[in-house]
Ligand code: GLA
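The data below hold one chain only, encoded as structure tokens and taken in the form predicted alone.
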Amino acid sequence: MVASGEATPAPDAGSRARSAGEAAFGPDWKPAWRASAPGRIELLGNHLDYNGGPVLAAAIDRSVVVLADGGGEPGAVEAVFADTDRSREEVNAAELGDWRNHGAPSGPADYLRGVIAEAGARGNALRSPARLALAGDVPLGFGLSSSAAVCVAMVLAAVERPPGGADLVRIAQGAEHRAGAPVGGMDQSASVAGGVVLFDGETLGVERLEPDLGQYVFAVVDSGVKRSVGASAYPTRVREARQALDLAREILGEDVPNAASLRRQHLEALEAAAQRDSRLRRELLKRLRHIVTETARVEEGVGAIRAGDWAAFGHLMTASGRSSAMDYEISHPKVEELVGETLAVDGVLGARMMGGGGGGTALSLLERSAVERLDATLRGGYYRRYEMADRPDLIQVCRFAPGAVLESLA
């Protein structure tokens, strides 16, 4: 993932992790394992994963790296985080027990506790003692699932016999839940699988796709508004979606497996029932409308990818963003302003807010030749208005990347 469409060397996360580990643990720290997990972009399917729906997502060429050795105090897992304050965090797995954070995650140490507690609860033995050093090139608060990459990489590094596939996804997802972020499984699934995937929120299954982008690229466009899943409207939307599903089951008299299995006729029946049943508040109907229409957009999007119809896919992206902003109400005014300005640039096929909401980035699908034009337009407009025009890497072109991996360094 690079600025302005041309390759530039990304900071070496592995080297930063090694330097931080040596500084924290001393010269006897000799990492024996290297775990890495990529971030992701969500192409279509916003907020569908925890609603049991399909999501089109892709792992990208930014990752979190964890280096680990087998030293330290018996029974303890120690960690240092190169990209924060480099302070050492020590966790005794036996004393941690069934730990859960009762607020939003305060940093990577909460995800470490979540990984250890969730792995233990699922019967996975830890590498203990172990000393971990973590660094990453997945920007925090950017909507690229840095937290999922952190958790996947830490599971691979910290668990004695690391799981793969859906088991790895479940532990990483459970770790985020324990840390205070009630996320679905799409972020972790994309990070584990790599490439472009169609994710099934009900089964956690993934189907790999092999799209040919041709002259087009996906670019992540920074809004300057930092976000955090645990502190955003995300937990509220999770609760609302569950409440809406419970009411839909009761009113329809059907055993609906999940909200994403509802179809247009169900939505129309519920809208009619809302005239008589005050429990189906306007905002709950709007949440269901987004889920129903977004599910249909993903289904159309799969067809567009397979046909190589990127113009159609761009239209679906833009519609997804509008639904996310208007019906699911998870966007931010500045992000929508950025999306509008992006869509006005010649060569842009589609743009939408991305991720949990409340800030972060917009995702754009555009001609490769239009990247510099978009950069110039935004620096003369949105970025100038918000005093961001002097910042580098505001537009980052994404390349699809392989999934998470654990390597032996011994």
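This one's a predicted model, so the numbers in the text were calculated from it and none came from an experiment. From 1 onward, residues are counted along the sequence shown.
We do not show the form predicted in complex with the named molecule, though everything after this point is about it.
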- Contact label in the model of the complex: residue 180 to the named molecule, heavy atom within 4.5 Å: no
- the named molecule contact in the model of the complex: residue 33, any heavy atom under 4.5 Å: no
- Heavy atoms within 4.5 Å of the named molecule in the model of the complex: does residue 361 have any? no
- Message: Test of understanding: in the model of the complex, would residue 50 fall inside 4.5 Å of the named molecule by heavy atoms?
- Response: yes
- Message: What I'd like checked is whether 46, 184 and 356 together line the named molecule in the model of the complex, meaning each has a non-hydrogen atom within 4.5 Å of it.
- Response: yes
- Item | Stretch from 380-388, 364-372, 37-45, 341-349 whose residues place a heavy atom within 4.5 Å of the named molecule in the model of the complex | 37-45
